[in-house]
Structures are given as C-alpha cells and as structure tokens.
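Both blocks below hold the same protein chain, though in two forms, and each is given as structure tokens: structure 1 and structure 2.
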Structure 1
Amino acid sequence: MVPDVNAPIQIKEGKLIQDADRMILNAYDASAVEEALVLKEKHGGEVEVVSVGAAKASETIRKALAMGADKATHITTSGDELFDSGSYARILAAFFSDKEFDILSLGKQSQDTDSGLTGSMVAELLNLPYTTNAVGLEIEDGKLIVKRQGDTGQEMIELPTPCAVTCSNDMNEPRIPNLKGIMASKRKPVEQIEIDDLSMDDSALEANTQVVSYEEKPAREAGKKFEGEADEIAREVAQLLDTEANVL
C-alpha cells in the first residue's frame, strides 16, 4: 500500500503532508501480481499475496485478490512504526523463512520512495538466487527465465527455484478487476498475523535510515541560448563546459 502519487502533496516545515485517504496498490507490485497470475494461467499453481502494513492495507490486498490471486496474508502493523527498507525486508524474510514457494515476485520499488532495496535484501536474508528489474518471466524445465532490462539492453537470466525477482512496471499492463473478480475476492482467505507472531527481536525492526526532512525541488534555472556561427558556438559551449561545468 502506497500513497497515490497523483494526489495533492504539500511540504510544510520540512514535513510531507499527503492525503491519507488516497492509498493505492503500488504499481510495481501490481505488475508482480499480474505476471504471477500469467504464470499460473500457463503452468498452474497458486498465487499468494503478502503485505506488511496497517489495517487500511487490507483494501489493496483485496484488489490483488480481485485481480485473481488465490489467498493472502496480512502482516499487521499499527501504522505508527518508522520502518525502512531493511525493516520490511527482515519482516518478510522472517515470514518466508519456513514457507515453501517457487518464486518470490516483488515490485522493483515503491512509488513513493523509489528506494528499490527491499527485494534484494529479502533475497540476501533468505539466501535465494535473485535478479532485478524484470520485464518478462517464463518457466522452462522447472527454472525461471527472466528477461531483465539492463542499462544498455535486455538480458536473459536463468534462475533455479526457489528464487526471488523484482518486477518493473514496464513488464505488463495489470488487469483491472471485473465485478466477478471483486465479488470473488470477498470470499478468498486473508490470514492476519501480527509482527509479534514472527518472534523477531526489536532490533530487527529498527530502521537504519531516517528521513530528516523534505524540501521543495529547486526551480530549474533558465537555459542559455547561443547565437552565431556553428564553430563559434561550439567553442563557446566547450569553454563553458570546461570552466563553469568542469566536465571536460
């Protein structure tokens, strides 16, 4: 569950003021759910969604169920905790440590912070084969074939299962739940467990990072327009890059 980034946002005295009623299913997680459903439709199996969050997170869990997921687990929090990526990763790792699964399909990042850290931390804590920024998934001979978007092109990576993968929102177009799916979601099981049930040390829940304050993005400076002959402009641009921008 993340704030709707299209909702009005204000910054007052270094604090971020958001519309608490405009919470949605994270777009990257929606793509992860969609791709899991596609794999299920091709190869069978079961899709379970797991979310850590306050009571309101049940709304986004129900959306994933309405998309077609079979069941869900809601690890409940009070909503007042100051968790960071590491906190969430340790919670998820504790939950999955004694579970059987083939693929942990996670969103690459969250829409609000864009940290993109939780997935890799979960994989490390569970000692799982792992890859990031997936734009396509397929199963061949019991192995996961990941099409990954790299910096200069796409890569094809083969992972044994169980494994973990983080999904880009460029992977697919998540389905919009229809009325039948919405009605069916109300009958699907959602197990609620509290963090205390995971028997974690308090230190494991502590955040290692802290947001000190928020600031408005500085206004963009006006560009510089050059006039004259091409060779003169080129020399002037090169001089500016060398003396002012210090990039040459």
Structure 2
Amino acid sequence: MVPDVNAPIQIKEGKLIQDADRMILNAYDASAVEEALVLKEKHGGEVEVVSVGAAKASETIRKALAMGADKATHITTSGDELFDSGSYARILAAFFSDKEFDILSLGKQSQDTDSGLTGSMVAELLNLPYTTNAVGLEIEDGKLIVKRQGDTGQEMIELPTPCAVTCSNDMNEPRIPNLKGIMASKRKPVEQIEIDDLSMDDSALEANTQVVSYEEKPAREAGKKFEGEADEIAREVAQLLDTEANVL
C-alpha cells in the first residue's frame, strides 16, 4: 500500500501533506501479484498475499484477492509507527519464518520511497536464495528461472525453491479485477494478525533510519521554447547549445 504519487502533494513545515484517501496498491507489488497468478495458472498451487500496514491496507489486500489471489494475511499496524525498510523486513521475516512456501514474490521497491531494500533484506534474514529486478519468471523442473534486468544486459538466473524474487513493473500488465473477481474476493479469507502475535523482540521493530523533513525539490525552471519554422529553430538551438550552454 503506497500513497498515489500522481496525487497532489504539499509540504508544510517540513511535513508531507497528502490526501490520505489516495492509497493504492504499489505498482511493483501489483506486478508481483500478477506474476504469481500467471505461475499458478500454468503450474497450479496457491497464491497467498501478505501485507503489513494500517487498517486501510485491507482495501489493497482486497484488490489483490479480486485479481485472483486465494487468501491473505494482513499484519496490522497503527500506521503511526516510525518503521523503515529494516523494520518491515524483520516483521515479514518473522511471519514467514515458520511458513511453507515455494516462491516469495515481492515488488522491487515502493513507488513512494523507491528504496528497494525490503526484498533482499527478507531473503537474507530467511537465508533464502534470491534475485532482484525480475522482468520475467518461469518454472522449470521445480526451479525458478528469473530474467532480471542488470546494469548492461539481462541475466537468466536459476533459483532453487524456496526462494525470493523482487519484481519490476516491466514484467507484465497487472490485470484489472472484473466484477466476478471483486464479488469472489469478498468471500476469500483474510487473516488479521498483530505484530505482537509474531515472535520478535521490540528492538527488531526499531528503525535506524528516519525521515527528518521533506522539502520541495528545487523546481527546474522551464527554459526557452522555440516555435516556428523547423529548420530555423533547430539550427538556432544547435547554435545556443554551443555558444550559450557550452555543451557541444
């Protein structure tokens, strides 16, 4: 669950003021759900979604169920905690530590913070093989074959199960739930548990990073706009790049 980055945002005295009603399913998580559903359609199995978040997160969980996930667990928070990626990773690791699964499919980052840490943290805490930034998943002979986008090319990585993978939104177009899916989602089980139900120390929840303030990014001033005869303005800008901007 993330705030909609396309919704208007304001900063007042260093704090971010958002329309709190605009919380959406993180696009990268939506891709992770979609990919899990595709694998289930091809190979069978069950898709369970797990979300850590305030009461509001039940709407995004419901969306994943409407897309086709079978069941869900909502690890509830008050929404006021100062958690960072490490806190969330330790919560998820505590939850998954006694669960059986083949593939842990996560979004590669959250759209609001772009941190991209939680997936590999969870994998490390659970001592799972993992890879990040997946743009394609296949199952072959019980192994997960991940196509991942690296720095200069795409890599095919083979992971034994159980394993973890973080998904890019470039791997698929998450399905839009249809009416049937939405109706069905209302009957699907959502287990609510509290962080206190997990066996973890309070100290494991502590964040060691914290946002102290937000500020507007110094806006880039729109520069000169050239309209008119293509040939003329093209040559004029080329000249300015040389004489004024000095970048040629």
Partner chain sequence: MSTLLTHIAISDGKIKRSSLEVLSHCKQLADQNGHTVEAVIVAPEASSFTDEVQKYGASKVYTVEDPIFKNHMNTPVLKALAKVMEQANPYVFAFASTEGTKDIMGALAANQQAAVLPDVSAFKFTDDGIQAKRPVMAAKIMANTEAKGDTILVSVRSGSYDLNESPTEAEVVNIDFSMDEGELKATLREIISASGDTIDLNEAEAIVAAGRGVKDEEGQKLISELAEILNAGIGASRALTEAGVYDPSLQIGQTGKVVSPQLYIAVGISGAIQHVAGMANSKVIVAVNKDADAPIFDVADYGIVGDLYKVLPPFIEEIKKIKG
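These numbers were taken from a predicted model, which means no experiment stands behind them. Here the rigid core means the biggest group of C-alpha atoms that line up within 1.5 Å when the two forms are laid on top of each other. Here, a residue number simply tells you its place in the sequence of structure 1, counted from 1.
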Which structure would you label as the form predicted in complex with the partner chain, 1 or 2?
2
Whereabouts is the hinge between structures 1 and 2, that is, which of Asp80, Asp202, Ala219, Asp151 sits where one rigid part meets the other?
Ala219
Angle through which the smaller rigid unit swings between structures 1 and 2, given in whole degrees:
45
I need the CA movement of Gly223 between structures 1 and 2 once the rigid core is aligned, reported in Å.
7.2
Per-residue C-alpha deviation between structures 1 and 2 [Glu236; rigid core superposition; Å]
17.3
